[in-house]
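As a starting point, one isolated chain is supplied in structure tokens, in the form predicted on its own.
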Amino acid sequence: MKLLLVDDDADLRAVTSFALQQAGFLVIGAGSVPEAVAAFGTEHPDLVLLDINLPGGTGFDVCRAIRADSRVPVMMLTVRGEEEDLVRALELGADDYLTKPFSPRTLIARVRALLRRAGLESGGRTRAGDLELDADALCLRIGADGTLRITRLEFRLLQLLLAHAGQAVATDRLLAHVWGHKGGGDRQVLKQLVHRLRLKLGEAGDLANRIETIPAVGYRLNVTAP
């Protein structure tokens, strides 16, 4: 499941993103109205977490733009608690509303409940072609029979690659997703992580070439038809 998290507080966005990633979600971040609208158009998220106070406008503007052509679930996140804001958000088509500060557990529970109500809950699984990533079992399923046990770091690496299957993903974006906003990952560590994962894929059936190095860019995960 891909979530778009829109908040102008970069530190809060990073902490919230990491908590959601730990719960098995792929998180795309945006810090302003233009960034949010652009990310929604290119990333096609399954759910949007949307702060009201944003540079370049308000979360209401983003919600209005989303609702112009999409029914994707929207949850408003704000420090405000006025009834007027809640009513306006709901009138614009928001599906839920959570006031800051909130605990990661509460946010994750509300996100999952909203996805269930929308009929989108997938049990923590991300799929592309013949590959399926299972967050609950911490494994990668290959075709109908193959199952590969993976670590948490390998899971987060595959999560982003699988969400963009067939496309090159930049090294810096992978580093931020795997280790967090202020994580300790670097390019050499990422290379080692990719190397270990390729070894596992090779042992699972000559699949090491599924993760392709794109010079001066990053990596690409190739899938085949299921």
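Keep in mind the model is a prediction, meaning the values are calculated, not measured. Residue positions are given as counts along the sequence shown, with the first one as 1.
Keep in mind the form predicted together with the DNA is missing from the figure; the text below concerns it.
A residue is said to contact a partner when one of its heavy atoms sits within 4.5 Å of a partner heavy atom; Arg173 fails this definition for the DNA in the predicted complex, lying far away. Taking the partner from elsewhere, Thr213 is found to have a heavy atom lying within 4.5 Å of the DNA in the predicted complex.
Interface membership of Trp179, defined by any non-hydrogen atom within 4.5 Å of the DNA in the predicted complex, is confirmed. When the DNA is considered in the predicted complex, Gln167 lies well away from it, no heavy atom lying within 4.5 Å. Contact with the DNA in the predicted complex holds for none of Thr42, His44 and Arg67, as no heavy atom of theirs lies within 4.5 Å. Here the chain stands by itself, but in the predicted complex one stretch of 159 to 167, 59 to 67, 188 to 196, 29 to 37, 188 to 196, has heavy atoms within 4.5 Å of the DNA.
Checking Leu114, Leu148, Leu92, Leu153 for any heavy atom within 4.5 Å of the DNA in the predicted complex turns up a single hit: Leu153. Note on Val194 and Phe18: their C-alpha atoms are more widely spaced in the predicted complex, a change of at least 3 Å from this conformation. Three angstroms is the minimum change: in the predicted complex, the CA atoms of Leu47 and Asp172 sit closer than in this structure, by 3 Å or more.
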